[in-house]
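Quick setup: one chain, the form predicted alone, written in structure tokens, and binding and motion questions come after.
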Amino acid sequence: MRALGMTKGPMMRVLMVAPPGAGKGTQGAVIATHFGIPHIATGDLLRDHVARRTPLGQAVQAHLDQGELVPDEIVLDMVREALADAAATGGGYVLDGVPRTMAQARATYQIGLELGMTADVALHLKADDRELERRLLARAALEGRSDDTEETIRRRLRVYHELTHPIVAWYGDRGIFVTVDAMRPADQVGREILAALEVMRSFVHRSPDQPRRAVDLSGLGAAFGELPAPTP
């Protein structure tokens, strides 16, 4: 899709919560371009280290091949450095790839508090496992990625449901959670995300009289006839 370009207004700080294959990288890049903020993609950073065979890259290669999570201390050190850089260059960011566990969510929040960089929005991309498997297998064939075999994909999805999905309720309680249906074409998903974030940034830096509530936009496509309503 065609991004709208950098827009003026308060800087946005966005966390992306999504299973593998839901489009975090694609939508993270769209958000970053639109708001003129850094796209911090921890997976890309780690793969770069692996490709260059740095000490860090060699340490995480086995975890990636097995579809396991990279140890928190490695990931969180990268996050702290990236958020510090973002703080020095404007204060906004879109963080893609972290958090994946409650421990990472709490640690990322603490890092944000220390740096004055806590998130304004936790953006949840919602998608069906069968569609995620199809996308990841197609990506593996196209890119030849060793961490995207069928067995590994299923293991990664199990890890997501066991460890990552429970943080949804935590962000919902904080009132910064927005859910978007990621089963549709990327340009439709991107337009809905940008529209939601533009509305939200008009009040994210205010102190509302009433607590904010989580927002679920995942049914909008069905409401406007874009796709069948999900089966209960």
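Residue numbers run from 1 along the displayed sequence. Quick caveat, the model's predicted, so the values are computed rather than measured.
What comes next is about the form predicted in complex with a small molecule, which is not displayed.
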| query | finding |
| --- | --- |
| Contact stretch among 30-38, 51-59, 178-186, 193-201 - heavy atom within 4.5 Å of the small molecule in the predicted complex | 178-186 |
| 4.5 Å heavy atom contact, H165 to the small molecule in the predicted complex | no |
| 4.5 angstroms heavy atom contact with the small molecule in the predicted complex for G172 | no |
| 4.5 Å heavy atom contact, R106 to the small molecule in the predicted complex | no |
| In the predicted complex, V98 touching the small molecule (heavy atom, 4.5 Å) | yes |
| Contact at R13, I111 and L123 by the small molecule in the predicted complex, all three, heavy atom at most 4.5 Å | no |
